[in-house]
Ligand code: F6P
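Heads up, the chain below is alone and in the form predicted alone; it's given as structure tokens.
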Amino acid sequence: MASTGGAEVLVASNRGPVSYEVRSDDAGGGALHAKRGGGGLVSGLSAIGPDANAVWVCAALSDGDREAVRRAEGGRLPVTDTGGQQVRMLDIDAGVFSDAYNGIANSVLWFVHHMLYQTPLEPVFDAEFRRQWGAYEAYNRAFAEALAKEAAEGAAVVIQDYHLALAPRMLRRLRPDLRIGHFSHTPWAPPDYFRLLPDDIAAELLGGILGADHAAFLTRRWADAFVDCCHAVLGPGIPAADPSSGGTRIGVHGLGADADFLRKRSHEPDVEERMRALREEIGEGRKTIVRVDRTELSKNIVRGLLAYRQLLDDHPEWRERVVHVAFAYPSRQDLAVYRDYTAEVQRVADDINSVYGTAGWTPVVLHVKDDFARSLAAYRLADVALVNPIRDGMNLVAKEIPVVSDEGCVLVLSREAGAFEELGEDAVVVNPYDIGGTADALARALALPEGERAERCKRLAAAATALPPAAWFLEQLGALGG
């Protein structure tokens, strides 16, 4: 496929840097309102500068996005909406997108890599799964074709995450001249769990990523698991031990926190305002255990609440002296299992408050409406940060809180978070399934002397910012010779 574009650097991801909403205006028409996002890719593309001739290819996620694509010439969004970035948004059929995104990416691949299945009942790989898999292939093909069209000869293409596991090989077949990378933001399942997938599907997923010149992961543990799966499913020697022989190179790039942005943003007036409100909810002189998560099944919020309840049982001296500030922002509410989980988080928090609360003390301050400024306010107030995922590719919250904390916080960290690889030495480490062990860890963290707490937090912040988003992205380009 010949290129009709000319971008030298391309990024592909499910979600782009901007989203749209259609709002009725005074004339009764539909006005499009753009909302720009942040994150590592936005920072990364900014780092390469406006002269780099870069294009971001993403999918339309909503009716507002699809309307924006229809109004845009060739799917290229107005640079006034994107912060100056060249963005091509793909209007993939809504049914195909739903089957690929909800049916396969989030209900199969996410569950496999986070090892979340209740295996006596699930997964069930039946005719409906095969139909949805066809949509996942079509979704990946749409990205591959768009990238092939947009890329200049020999361009560098960095494809992101499990949504687009098939795209590298598809793109390689269309444009063998390109330098292709794939980055996985999730954990990678070990072979015994990965092989829950049908054999042909497991082989397609691995082969798709092996279409890249460079396949990268957040930690060495996930990279090694990918290689182990390749050996188990595809055979020994795949990927090739010697990359010069044409095999896929395996890399590790541990995405860090953006310290400059976080420290500046966390001292803006809206954050100060929310700090005052939180202090009022917490009460004078009390310690805080803070968690900030989306209600994804992997985040382990319910067990975190149960561990806090165990703390109040085992250490009654902390009653009325500590508050658990828990932000559990709804995620994937179009899936019933996520709605049920969100409801269980609310139920357990309400139960703790009803059993232990007093007229002047609310043990759990739970907020479920997403508010970034309020999250930063909680980061600054944290005495203890609880990050206890069942399994997590990295977990940036574990890296962000030590960077922002005003007085220095203690990090209680799951050994199953990718961040454990970098932060474990200065954290209080827990088995995420062990309620009693987590309660004991919270008690130790609350009692840690102020000087030791500050020193640990300083070291955590240094480790957390070792590879900030711009450098993380540039490392991926560098691995492609860009």
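From 1 onward, residues are counted along the sequence shown. Computed from a predicted structure; not experimentally measured.
Keep in mind the form predicted together with 6-O-phosphono-beta-D-fructofuranose (F6P) is missing from the figure; the text below concerns it.
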| query | finding |
| --- | --- |
| Residue contact check: residue 286 to 6-O-phosphono-beta-D-fructofuranose (F6P) in the model of the complex, 4.5 Å heavy atom | no |
| Residue 332 within 4.5 Å of 6-O-phosphono-beta-D-fructofuranose (F6P) in the model of the complex, heavy atoms | yes |
| is_contact(residue 133, 6-O-phosphono-beta-D-fructofuranose (F6P)) in the model of the complex, heavy atom dist at most 4.5 Å | no |
| In the model of the complex, residue 294 touching 6-O-phosphono-beta-D-fructofuranose (F6P) (heavy atom, 4.5 Å) | yes |
| Contacting member of 266, 86, 375, 186, with respect to 6-O-phosphono-beta-D-fructofuranose (F6P) in the model of the complex [4.5 Å, heavy atom] | 186 |
| Interface residue in the model of the complex among 82, 342, 140, 106, criterion: non-hydrogen atom within 4.5 angstroms of 6-O-phosphono-beta-D-fructofuranose (F6P) | 106 |
| Residue stretch of 383-391, 406-414, 154-162, 355-363 approaching 6-O-phosphono-beta-D-fructofuranose (F6P) in the model of the complex, non-hydrogen atom distance within 4.5 Å | 154-162 |
| Stretch 91-117: residues contacting 6-O-phosphono-beta-D-fructofuranose (F6P) in the model of the complex, 4.5 Å heavy atom cut-off | 101, 106, 110 |
